[in-house]
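Quick heads-up: it's one chain on its own, the form predicted on its own, in structure tokens.
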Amino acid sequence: MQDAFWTAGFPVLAAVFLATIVEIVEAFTIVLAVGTTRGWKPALAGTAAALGVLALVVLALGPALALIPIHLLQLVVGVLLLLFGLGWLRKAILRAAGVLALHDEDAAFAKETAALARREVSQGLMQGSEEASPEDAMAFIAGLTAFKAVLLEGLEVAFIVVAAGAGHGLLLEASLGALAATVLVLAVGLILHRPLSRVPENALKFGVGVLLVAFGVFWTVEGLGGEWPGGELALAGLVAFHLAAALVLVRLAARRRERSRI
């Protein structure tokens, strides 16, 4: 039982944990900007509404997965994880090579705060002599901003939880990984009360991309009826292979970038 956890359950939990940290950090930065700029009431209201929608999505998807044959489920989940992971890994490789700019939570916080301030000014000018209160309008916009941020990032987390956990009936492990990451990020964020710019988000995206691609390849082959040598232990080899390939691509992309400067 313990061997099954370490070969299948733990990799799923780790992948979901790391992916959730990335998504929650991004959502937290926007909610923090809304809260400090327009007050915590619209920020928390938008966050609560988004969490309610996410809960309904997860509750709807969970029972539906049990109706799908396991090999078809593994194939669909494998392909989706592969596509999703390749998207993450591509951007992470380009950022590591210096082709794309690194994601900066402090810059994202400043950008969102400035955007809210501009909306406040334009909303005040538009209201003019109208009866509606500019404060009410800005509170609604602020709440909608928090709602959108939490919902969009949360949907990615929900997808990863369902996809990573569905292949071998590991939804509980995947959900625990997401919950632990969410609690950790929120606890640290609330204590510091500032953007979590010190979280190595780009390095996390690199690692998560490797893990998702490895899971995607593993479950796609199983969904097609293939068998891996060593069973689930083959995941370790897949992770190592894709990590090495990604690091090689980083060096190649960096060299190409340097040559283009000459």
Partner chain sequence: MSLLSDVLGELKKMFFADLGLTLGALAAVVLVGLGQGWAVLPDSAAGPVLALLVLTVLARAVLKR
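Quick caveat, the model's predicted, so the values are computed rather than measured. Numbering follows the first chain given and starts at 1.
Not pictured, yet referred to below: the form predicted in complex with the partner chain.
Put simply, residue 14 is far from the partner chain in the model of the complex: not one heavy atom of it is within 4.5 Å. Residue 213 belongs to the set of residues with a heavy atom inside 4.5 Å of the partner chain in the model of the complex. The partner chain is not shown here, and in the model of the complex it never comes within 4.5 Å of any heavy atom of residue 259. Contact check for residue 230: every heavy atom lies farther than 4.5 Å from the partner chain in the model of the complex. Using a 4.5 Å heavy atom cutoff, none of 51, 173 and 178 lies near the partner chain in the model of the complex. For the residues 203, 58, 45, 221, the 4.5 Å heavy atom test against the partner chain in the model of the complex is passed only by 221. Note on the partner interface in the model of the complex: the residue among 115, 94, 186, 141 having a heavy atom within 4.5 angstroms of the partner chain is 94. Counting a residue when any of its non-hydrogen atoms is within 4.5 Å of the partner chain in the model of the complex, the hits in 139 to 163 run 147, 148, 151, 152, 155, 156, 159.
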